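A lone chain, given as structure tokens: the form predicted on its own.
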Amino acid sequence: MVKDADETEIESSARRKVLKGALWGSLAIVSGVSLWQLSLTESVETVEADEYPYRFLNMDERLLLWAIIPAYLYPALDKNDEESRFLVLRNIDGAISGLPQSTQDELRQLFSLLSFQLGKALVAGIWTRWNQADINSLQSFLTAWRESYVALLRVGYLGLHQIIVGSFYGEPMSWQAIGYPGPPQMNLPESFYEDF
């Protein structure tokens, strides 16, 4: 059977539309992947560029905490609020530096387990890098630890919870949202407060 010119033209037009759609779809996917990869690289570069003299936290631990801080503090802390995240990170470093050596050693072991790729996948269920995990995956991991029948995971959850939440709510920036007016003001000389 011989096709007439109209049928041939219709088939050619449909083929061009399919090819254009595939081309635009491919470009959208490539652009989306590139933007996603760029955002991941930016988060690592942001943490690496911080020149604060950390006393306890190494780079792997900072990248781990940078990822899970918004998951613990959601929705009180916007994940795009880098200034507040750095403040919490520095408070955590200061808080851990003041803990007894035995507690520091336990936290170092916890951070090492979570920073090790295989350990992270097995105990946290996060198979990607920390900065690649979305907030739902991170919150699922935290919920699983909080409700785990394994006491060690619950202890790990509570330890991280205390240092992250305490580091955030110790700052005046977080008080207004919870209606806390701040500590009572006493008529003491400024030198008294300088000791703290």
Partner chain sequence: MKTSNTFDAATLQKKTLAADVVIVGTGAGGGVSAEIFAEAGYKVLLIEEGPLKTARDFNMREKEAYPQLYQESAGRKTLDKAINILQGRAVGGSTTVNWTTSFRTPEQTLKHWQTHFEIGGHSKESLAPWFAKMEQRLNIEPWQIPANPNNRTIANGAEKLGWSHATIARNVKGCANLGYCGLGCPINAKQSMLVTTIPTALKAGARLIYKARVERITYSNEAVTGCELIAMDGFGQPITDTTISIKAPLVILSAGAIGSPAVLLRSKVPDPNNLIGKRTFLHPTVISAAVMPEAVNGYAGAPQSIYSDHFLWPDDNEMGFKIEAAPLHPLLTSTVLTSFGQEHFALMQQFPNIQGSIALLRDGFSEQSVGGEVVLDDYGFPKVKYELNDYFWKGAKKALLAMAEMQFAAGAKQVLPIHLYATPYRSWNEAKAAIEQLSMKPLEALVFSAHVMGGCAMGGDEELSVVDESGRYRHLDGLYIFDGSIFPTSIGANPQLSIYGLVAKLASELVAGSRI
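Just so it is clear, the structure is predicted and the values come from calculations on it, not from any experiment. Residue numbers count along the first chain shown, from 1.
The following text describes the form predicted together with its partner chain, which does not appear among the structures shown.
Engineer: Give a yes/no on whether Tyr54 approaches its partner chain to within 4.5 Å in the predicted bound form, heavy atoms considered.
Structural biologist: Contact check for Tyr54: no, nothing within 4.5 Å of its partner chain in the predicted bound form.
Engineer: Does Val47 reach its partner chain in the predicted bound form, with heavy atoms at most 4.5 Å apart?
Structural biologist: Output for Val47 is no: heavy atoms all beyond 4.5 Å of its partner chain.
Engineer: Applying a 4.5 Å heavy atom distance criterion, does Phe116 contact its partner chain in the predicted bound form?
Structural biologist: No, no contact at 4.5 Å.
Engineer: Would Leu63 count as touching its partner chain in the predicted bound form under a 4.5 Å heavy atom rule?
Structural biologist: No, no contact at 4.5 Å.
Engineer: So which residues in 57-84, when you check its partner chain in the predicted bound form, have a heavy atom no farther than 4.5 Å from it?
Structural biologist: Heavy-atom contacts within 4.5 Å come from Ala71, Tyr72, Tyr74, Pro75, Ala76.
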